[in-house]
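In the block that follows, a single chain appears as structure tokens, in the form predicted on its own.
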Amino acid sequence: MRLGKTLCILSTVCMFSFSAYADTKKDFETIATAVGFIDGGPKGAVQMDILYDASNADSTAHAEEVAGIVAGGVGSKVKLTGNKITSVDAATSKVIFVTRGAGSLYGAALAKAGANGGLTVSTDMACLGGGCVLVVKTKPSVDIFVSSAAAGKTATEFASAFSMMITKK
């Protein structure tokens, strides 16, 4: 009896933890909209590199999740699709999405984005500043965070109208 209650509680906690951690289509619609506000940034169909650490199970699972969400394309002015990569050297897109658990790749991803004339984005707050220019959260409300330091390293400039929608860090 006690074991059944414990398993029920654990499964409920895990279910709520996972659902709070999962990305949504809205996250990527928001990222696509934000990319559309970059001065001189990419427009139209953009294949986003999804950078993950293959040695980290959470990072690998997040890459699969993201690839599934953007598989048919997400966004309007900028329509994001995805290409999973495990090496920063393989990044060719102007938009590099950095997964959870890929902390060891932050600095190299930011440098590569700068070299490609692009930016790094994520839904993982841990990436903000150290590796990502832009982090989006849409639960419980839409929050768009921009690291001024990281944006400077990639020479990313957003349209002035966008500044009212973001929180600079």
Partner chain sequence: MNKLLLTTSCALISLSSSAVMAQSIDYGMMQELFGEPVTTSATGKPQRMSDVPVTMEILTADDIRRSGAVNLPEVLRQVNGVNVIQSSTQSYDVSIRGYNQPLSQRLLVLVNGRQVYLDHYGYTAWSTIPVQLEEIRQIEVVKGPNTALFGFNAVSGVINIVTFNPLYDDVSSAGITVGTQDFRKAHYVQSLKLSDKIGVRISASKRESDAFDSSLNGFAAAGTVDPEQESLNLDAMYQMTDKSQMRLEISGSNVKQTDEISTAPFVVDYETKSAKLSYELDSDWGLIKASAYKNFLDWGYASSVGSGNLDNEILVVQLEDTIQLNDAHTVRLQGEYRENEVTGAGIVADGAEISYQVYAAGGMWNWSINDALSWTNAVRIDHLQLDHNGILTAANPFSASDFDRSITEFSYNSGVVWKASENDTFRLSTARGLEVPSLLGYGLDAVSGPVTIVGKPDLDPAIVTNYELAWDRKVDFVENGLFRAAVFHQKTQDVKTLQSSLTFPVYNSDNIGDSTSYGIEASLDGSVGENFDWGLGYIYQKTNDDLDNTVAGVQSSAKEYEKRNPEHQLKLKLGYHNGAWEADALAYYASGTEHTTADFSFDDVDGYIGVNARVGYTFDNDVTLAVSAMNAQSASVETTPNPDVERRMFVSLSKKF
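Residue numbers count along the first chain shown, from 1. Every value quoted in this text rests on a predicted model; they were computed, and no experiment measured them.
There is also a form predicted in complex with its partner chain; it is not shown, and the following applies to it.
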{"property": "Interface membership of residue 143, its partner chain in the model of the complex, 4.5 Å heavy atom rule", "result": "yes"}
{"property": "Residue 47, heavy atom within 4.5 angstroms of its partner chain in the model of the complex", "result": "no"}
{"property": "Non-hydrogen atom contact residue 56 with its partner chain in the model of the complex at 4.5 angstroms", "result": "no"}
{"property": "4.5 Å heavy atom contact, residue 30 and its partner chain in the model of the complex", "result": "yes"}
{"property": "Candidate stretches 47-55, 133-141, 96-104, 62-70, one within 4.5 Å of its partner chain in the model of the complex by heavy atom", "result": "133-141"}
{"property": "Triplet 148, 161 and 165 all within 4.5 Å of its partner chain in the model of the complex via a heavy atom", "result": "yes"}
